[in-house]
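The chain below stands alone and is given as structure tokens, in the form predicted alone.
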């Protein structure tokens, strides 16, 4: 009876929340009070796919869902991105019969890296994709190795791990796991690879196993690349799913030397998200033709990248997770690689939607020197923390006469609406995104 009651409570609250435009977590929270072990009582589909990591979860899940739906499978997934146990409970129970049998062929879950061990206490994924681990949200997550320790209890012997071979810390999840139940994805050395590390800090400098100095034959970005520890032998594993050729400028990549794809968003992040989605979908039975058809020129629908018009400016908003310098660096690299005159608007108005912090030391981990490229005509620093940004930029190579500082986002939008026609790039987080988009005409 507790199971039935929990399902009923969840469905009613979900319905009410839908009418009010909210409620992705609250129904699950109440259902768990009614029946704390409800997730252990429901009957789930044969395939349960989970995705976690510091970056790329939502985008990867979105692509997996699109591919598997195109393959004829009914996929149930957390579109709202509510990825802690309460949101997962809402998702599952909302798609269950009163008897606790879940409808659908695949349950696909984006899982918060801190809470995966709680979500998967009652059931275990058949496939677990781990995208990457970076220093991220210091006030929440501390250090990447702390996040690794938080995810580790959610890794079970029967689960097939789908791991980023190019991340030395992620690869540690394969230690003591059945090698037959580990599948690897990664990039061959290609056009984006460098022999030298680029970035303010280097989280791959030391081996995560023995702490000896790590050696790299190439870097793709940050600490992601081809590594080997001469002390303990921890090294990049051979890959099952591989980007064998990549040209970001042209927007093309090749997987396993046989399937060419076109990129709508020419970012190294997008390449890894595509490869992670391709890997797990192939394991779930999707064919190459279907996967390629979906991914070719696939535009994300989750708001990570938004195109818009503001006055005479063609605008692109790139979501750069606050407190995550690697997310910023990859978007800055994307802007620096363009060759058209442009203005860049950086907004830091609220650091988080979920908690309050005025801690801005993470700004010093971002490689803002990338914005010194000649085609970047102006850099506008706006939002509540504009002065923190301004101090950080004083120590960058961006010329002072290119920098404008102000607090009011509305004022920045009004100025841009009335002045100039160059391309416009906006870098901000979900917490601040709509404060700018409220003043523009979105495309599509």
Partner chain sequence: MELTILHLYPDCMSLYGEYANVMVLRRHLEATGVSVTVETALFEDTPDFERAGFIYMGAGAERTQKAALAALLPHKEAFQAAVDRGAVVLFTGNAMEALGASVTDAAGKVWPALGLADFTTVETDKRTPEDVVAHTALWESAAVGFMNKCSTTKGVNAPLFDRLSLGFGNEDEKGPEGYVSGNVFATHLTGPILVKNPDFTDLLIRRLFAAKGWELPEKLPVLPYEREAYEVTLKELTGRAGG
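C-alpha atoms forming the largest set that superposes within 1.5 Å between two forms make up the rigid core. Only a predicted model underlies this, so the values are computations on that prediction, with no experimental measurement involved. Positions refer to the first chain, counted from 1.
This protein has a second form, the form predicted together with its partner chain, left out of what is shown; the following refers to that one.
- For the candidate spot formed by 135, 358 and 391, every residue has a non-hydrogen atom within 4.5 angstroms of its partner chain in the predicted bound form.
- When contacts are judged by a 4.5 Å heavy atom cut-off, residue 377 does not count as touching its partner chain in the predicted bound form.
- Taking non-hydrogen atoms only, residue 402 never approaches its partner chain to within 4.5 angstroms in the predicted bound form.
- Residue contact check for residue 206: one or more of its heavy atoms lie within 4.5 Å of its partner chain in the predicted bound form.
- Its partner chain is not drawn, but in the predicted bound form it has a heavy atom within 4.5 Å of residue 148.
- Of the residues given (79, 202, 288, 124), 202 alone sits with a heavy atom within 4.5 Å of its partner chain in the predicted bound form.
- 387 is the sole member of 69, 29, 387, 419 with a non-hydrogen atom lying within 4.5 angstroms of its partner chain in the predicted bound form.
- Contact with its partner chain in the predicted bound form, judged as any non-hydrogen atom within 4.5 angstroms, is confined among 325 to 333, 232 to 240, 186 to 194, 137 to 145 to 137 to 145.
- Annotation: Cα of residue 11 displaced by less than 2 Å between this form and the one not shown, core superposition.
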